[in-house]
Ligand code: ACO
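Quick setup: one chain, the form predicted alone, written in structure tokens, and binding and motion questions come after.
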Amino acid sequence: MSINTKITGVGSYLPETIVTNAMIEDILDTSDEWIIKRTGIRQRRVVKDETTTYMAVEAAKRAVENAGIKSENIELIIGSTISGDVSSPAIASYVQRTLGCENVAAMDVAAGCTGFIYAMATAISLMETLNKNTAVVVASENLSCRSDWSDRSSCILFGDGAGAVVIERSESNSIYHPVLHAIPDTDDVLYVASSKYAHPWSKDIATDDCAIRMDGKKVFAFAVDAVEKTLNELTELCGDKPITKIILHQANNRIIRYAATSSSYDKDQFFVNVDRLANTSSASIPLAIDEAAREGWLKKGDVVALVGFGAGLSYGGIIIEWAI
């Protein structure tokens, strides 16, 4: 990337409703101990009246306010979701409408849990191509309504929420080394089907089954390999400028622990909130960034590796120097 950019604002939104493992015990043959042992998750936020769009808009508003800019300064909006309220238009378009941004480019990317990484790389590339100065990147996920609550192996993993960042051109560069990859998911180990209607000339059968489907063992094997490869690649690209903090997609605490023990980094360099928020897909990284910033875990000058992995099977990362 040849233009200089930095994150100048960050924001998030979480639903008020908290569902603990004990509450899931009331509806499924499972236990708090079983869930924590396998995932590290103790609770998650779930929507009650909120929608994917509403959460996206609220997160974007807070990021814009945090950046200290006005809506008319926004020139590009990139969204990420696998759980939009509608197939079209994009959540980015709803953010544009609510914020009152006139005549700006707005679109979504779909890269599963790696979506925020892909969206950041896309935003910065388009800022250069279209000669734009300010972009909003927002990821929002409503996974509680995409989960099969009779399947204890999958529904325990997911939560809802949204996060956003504002990216602006700057004199010095604070976002660099994007790496984007994907390998074919030949066995359909992780996917979310769309509902569909049959028509008079179709052999397909109408279906409303749009729940998350996954093969947990195969997804875990892919995830730990993807994290290791991406961290190694980012470490090599950073060269003499060492990575000081790491924010992984918060999929499962076992994956984060594995990454910490198998890498050259210390476990206290990894930010973790999966125990409280569960897996929020593409929203997990910006949610973690916002929380880490508010808690003071991120400090100005930190060199932070962001690493995502998910459906596709996509994976990738990017480096940010914390400048707020």
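Predicted model only: the values in this text are computed from it and were never measured. Numbering starts at 1 and follows the sequence shown.
Omitted here: the form predicted in complex with this ligand. The next part is about that form.
- In the predicted complex, this ligand sits within 4.5 Å of a heavy atom of M214.
- Interface membership of R257, defined by any non-hydrogen atom within 4.5 Å of this ligand in the predicted complex, is ruled out.
- Although the partner is absent from this view, F309 contacts this ligand in the predicted complex, with a non-hydrogen atom inside 4.5 angstroms.
- Contact between Q43 and this ligand in the predicted complex is not found at the 4.5 Å heavy atom cutoff.
- Partner proximity in the predicted complex, defined as non-hydrogen atoms within 4.5 angstroms of this ligand, places exactly one of 286 to 294, 48 to 56, 258 to 266, 34 to 42 at the interface: 34 to 42.
- Checking A121, L190, C101, L234 against this ligand in the predicted complex, a heavy atom within 4.5 Å turns up for just one residue: L190.
- In terms of contact with this ligand in the predicted complex, the residue from S87, S150, S153, S202 that brings a heavy atom within 4.5 Å is S153.
- Within 4.5 Å of this ligand in the predicted complex, a heavy atom is found for all three of T30, V219 and A251.
- In the predicted complex, N279 is the single residue of 265 to 286 with at least one heavy atom within 4.5 Å of this ligand.
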